[in-house]
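One chain follows as structure tokens, the form predicted alone.
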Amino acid sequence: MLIRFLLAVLFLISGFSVQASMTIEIVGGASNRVPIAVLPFGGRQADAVTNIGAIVATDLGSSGYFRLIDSKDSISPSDPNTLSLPAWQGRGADAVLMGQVLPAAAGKLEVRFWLLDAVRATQLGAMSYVSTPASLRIVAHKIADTVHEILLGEAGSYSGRIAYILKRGGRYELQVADADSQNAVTVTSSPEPLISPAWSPDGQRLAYVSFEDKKPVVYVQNLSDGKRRAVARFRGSNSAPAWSPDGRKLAVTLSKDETSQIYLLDLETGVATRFTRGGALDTEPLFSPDGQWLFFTSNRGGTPQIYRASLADGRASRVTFDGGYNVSPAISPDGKTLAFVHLRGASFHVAAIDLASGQMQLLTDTVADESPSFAPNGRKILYATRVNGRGVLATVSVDGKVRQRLSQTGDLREPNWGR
């Protein structure tokens, strides 16, 4: 296993094999799952009707928080008042989701849905979306987010996107997919390695490192038109890009002056201002959500550990103390929890630390974990690991109770969860 700390220092790249379509496997779940029936959406748009209900059901069922009540032979009525909620309660459902897909102006579709409490026979929520047929999958994920928030009291993460690196044949590809691993598209490809994808705060751009110039160079690429530009092509290594909260700067690791140090790169002017100094190896920078701190990995204390430095004065303090190897920091959207890769014995695990109390918790039972990344709602962490000798992507809840695996035939690496 190659940890990103070593990648930044030694410029090593691991091998990959061909990737096929991914499926979600639940390997852990919440102790009390909410029983819900997701009815096939009705209406006059047959294809859309089938897809919407199936996608929402898959989202909720694969989350580990919901237990799906069989509803495949049912039909959503046009009026929620005609739905027999006592009958669904009798089948074990606490909640029922029903919907309609109807034609709208300019070739668009209107998706209406209702979430109903089968126990109290009341309506919990209702909403509608107007969408193009091509965007119905996005609408379905947003519906799942809404259901999740109403029933669990916290935002869902089904409508986010993930980026990752794979090698297809002899080419490396940076791909973007829905959070459920579907709708994968290739953003860029190269015969040379691609590493370290990072989403911009607005979800419209990706920063990444390419070796196409026979050395690591940082690129930024727009997802809307595919245009890209090299933003860090200095002498030596250019690696580990991380976006500032306002999207105007990147923190990058450069070796242009001496050993690997962290610089703040202004994307408008191209000026790179050095942030860390000294003979230590500093890498893997990460902005705090409020823009006041920069987390990074350093061996300045003798072993790789995670530090936090004030962006105002540069003063740094150590964050991780448990064990002799803690790398690859990822910060929750609320800035309260830091996830990272922790070495215990001979195994690499995803761990998390509460920044207020300093309490650390191991979250995974896999043994070769890398590249943690928080979901937009802060409740899940996406990471890469190895199972039965092959690379997979996986998620774990911040309390370690709900675990999933995105399974495929080849190896995937360097995942990053965006909006």
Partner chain sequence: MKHLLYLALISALLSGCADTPLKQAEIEDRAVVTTPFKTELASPSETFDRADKQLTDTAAKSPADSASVSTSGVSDANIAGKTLASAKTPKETAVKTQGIATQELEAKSLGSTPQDAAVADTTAAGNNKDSADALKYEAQPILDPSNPQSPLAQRRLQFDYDSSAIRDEYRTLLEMHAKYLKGETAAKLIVQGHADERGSREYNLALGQRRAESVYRALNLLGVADAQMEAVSLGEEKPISEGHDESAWEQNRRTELLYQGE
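Numbering follows the first chain given and starts at 1. All of these numbers come straight from a predicted model, not from anything done at the bench.
Beyond what is shown, the protein has a form predicted together with the partner chain; the following relates to that form.
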Review point. Of 287-295, 119-127, 309-317, 86-94, which is the one stretch near the partner chain in the predicted bound form, taking non-hydrogen atoms within 4.5 angstroms as near?
Key: 119-127
Review point. Which residue, Thr276, Ser76, Ser237, Ser157, has a heavy atom that falls within 4.5 Å of the partner chain in the predicted bound form?
Key: Ser237
Check your understanding: Looking at Lys108, Lys336, Lys72, Arg344, which is the one with a non-hydrogen atom within 4.5 Å of the partner chain in the predicted bound form?
Key -> Lys108
Check your understanding: Applying a 4.5 Å heavy atom distance criterion, does Lys249 contact the partner chain in the predicted bound form?
Key -> no
Check your understanding: Within a 4.5 Å heavy atom cut-off, is Tyr325 in contact with the partner chain in the predicted bound form?
Key -> yes
Review point. Is Arg33 close enough to touch the partner chain in the predicted bound form, meaning at least one heavy atom pair within 4.5 Å?
Key: no
Practice item. Find out whether any non-hydrogen atom of Leu265 is located within 4.5 angstroms of the partner chain in the predicted bound form, and reply yes or no. Key: no
Study note, to complete from the structure: Contacts from 181-198 to the partner chain in the predicted bound form (any heavy atom within 4.5 Å), listed N to C, are Asn183, Ala184, Val185, Thr186, Val187, Thr188, Ser189, Ser190, Pro191, Glu192, Pro193, Ile195, Ser196
